[in-house]
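Presented below, as structure tokens, is a lone chain in the form predicted on its own.
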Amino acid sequence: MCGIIAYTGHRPAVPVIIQGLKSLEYRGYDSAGLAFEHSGRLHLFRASGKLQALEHKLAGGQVLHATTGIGHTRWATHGLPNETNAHPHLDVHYNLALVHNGIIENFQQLKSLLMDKGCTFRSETDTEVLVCLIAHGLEHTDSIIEALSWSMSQVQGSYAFALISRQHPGRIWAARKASPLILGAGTGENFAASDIPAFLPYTRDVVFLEDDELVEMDAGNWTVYRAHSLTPVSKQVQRIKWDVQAAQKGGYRHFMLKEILEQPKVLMDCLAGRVDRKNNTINLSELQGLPVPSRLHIVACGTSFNAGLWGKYVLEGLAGIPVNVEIASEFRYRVLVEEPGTLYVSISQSGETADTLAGQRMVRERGLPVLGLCNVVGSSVARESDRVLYTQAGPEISVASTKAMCSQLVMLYLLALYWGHAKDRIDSRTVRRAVTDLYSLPAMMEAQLPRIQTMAQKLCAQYARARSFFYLGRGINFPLALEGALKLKEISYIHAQGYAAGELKHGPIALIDNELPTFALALNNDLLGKIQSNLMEIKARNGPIIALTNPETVLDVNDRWEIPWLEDPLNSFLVLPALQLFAYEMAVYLGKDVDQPRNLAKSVTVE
């Protein structure tokens, strides 16, 4: 997830762009850059690191007066987060400059095509491929808008981009598909940006662009076209009333809520480039040439550990690979017993988790293979792994991790399908069905999330006086019970403990009374009968029970919370946001600081 802004008008463009990028920095923080046209040539400024590095570079030289320009703050997906890969990117002849948010899935094929035609590339990014593709289109037409239309028809994936040309001063072109882009309509000036805060100090009049729409604008006019037919589209200008702080959160009260509700998009982003939708096959090119492991050791902390434990059930069930899941802070101090064919998997959202890195380094010192599973391109886990799978969840701003775990579950499921098929444990038909089900899941999640949130609000009002909670699950739902308990104590400060449900009678049941609620994951799978027995034991001791379940299950509980039935492990992708929203709504009800809970940091980089 990156942030882009484009400006054309009567003001000096550079200060407007810098201010806009400051409002968009939550979308990316690896590098930043801007470009503008002056005296018939394009001027480009880029810097790695946070935005202040770009500001320092601009202060070090003369910034020419210009009233049109584009800017970008990057969260790296293709290529390391360095200055060479920073946006904007130029075409070979320095005629065009482009900023881009999204993932061009077929960039390798397009890059090969362009190289065959003599194009050379300076960066590792998919964005440079896009601007060179547009330049190639211009070789067959004098119209930039026609070249854009043709280029967009060649591109697969998601994008929001803005383009300037040295030969057309004062003019900007921008388009979107599956990535956000909003037009800001001012007086004698116009904007395009990833989010409203980028131009909110200058105008509150906005035009929401739809997929496959293309806008051409200058200081006084803008026109929106259908990208493929280039027919004009009538658009309504809307007046927004948000303040800057609220708009940065997309109108949500907290970043945590925004990130929970982004999970349908996260799921689609995880699949991008990893699944061939045409043939419904899985292609993890990052693992090409890596033999199927005979055993896995997953090393992680906190939420990532819970994701790894969930992955154990899926990997053993589908791929038949024995899996050990290790708490990194313990693993790093144990004696490492080497086993031939073992692959070590480090899971970390930030890629900088100290204990996970220490365990990974211990493994690497023995010359053993490591697969990194992380969310941040160029992070330490990524750099120090033999292979890396990026989860592509986008930056998480709230301290409590939500959408990152969703992305980790997707990647672990894809790994299980990939290796299971490679070992002939599952056939192609099973893989095709799983891929089809995965692609249908975001729409179902999108439809269910408002209902899930409403139920979470209702239940938290009933249970907000509880001082402690039990979370129970069996099988694949046990790791989710652990995660539900973790989220509740992280942000509401209510003590919560997750258990494998069968362990209840081995001690914890002594605590059950009418003031200790149990949150049970009682989904309709082959372990439902077992969890029903556990709940009867709690009921007999007057313990109140919330049961997250599917329709038509028979349960004697205080509060029944139904979600649609999906076959495991897809059920988990509805269970997870329910647990997260229950914790979120509880924290809101109790007046806690949701996004920055006490004593916690987003990335634990010290032991």
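Just so it is clear, the structure is predicted and the values come from calculations on it, not from any experiment. Note that residue numbering begins at 1 and tracks the sequence as displayed.
One more form of this protein, predicted together with a small molecule, exists but is not displayed; see below.
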Please tell me whether any heavy atom belonging to G394 falls inside 4.5 Å of a heavy atom of the small molecule, as the geometry stands in the predicted complex.
no
Is T73 part of the interface with the small molecule in the predicted complex - any heavy atom within 4.5 Å? no
Item checked: Partner contact for E326 in the predicted complex: the small molecule, 4.5 angstroms, heavy atom -> no
| said: If we define contact as a non-hydrogen atom of the residue within 4.5 angstroms of the partner, is H89 a contact of the small molecule in the predicted complex? | reply: no
With a 4.5 Å heavy atom cut-off to the small molecule in the predicted complex, the contacting stretch among 97-105, 483-491, 278-286, 78-86 is 483-491
Answer key: of N190, T353, Q360, S194, within 4.5 Å of the small molecule in the predicted complex (heavy atoms) is T353
Checked V131, L521, C406, A400 for heavy atoms within 4.5 Å of the small molecule in the predicted complex; positive is A400
Under comparison with the form shown, the C-alpha atoms of K487 and W75 in the predicted complex shift by 3 angstroms or more, placing them closer
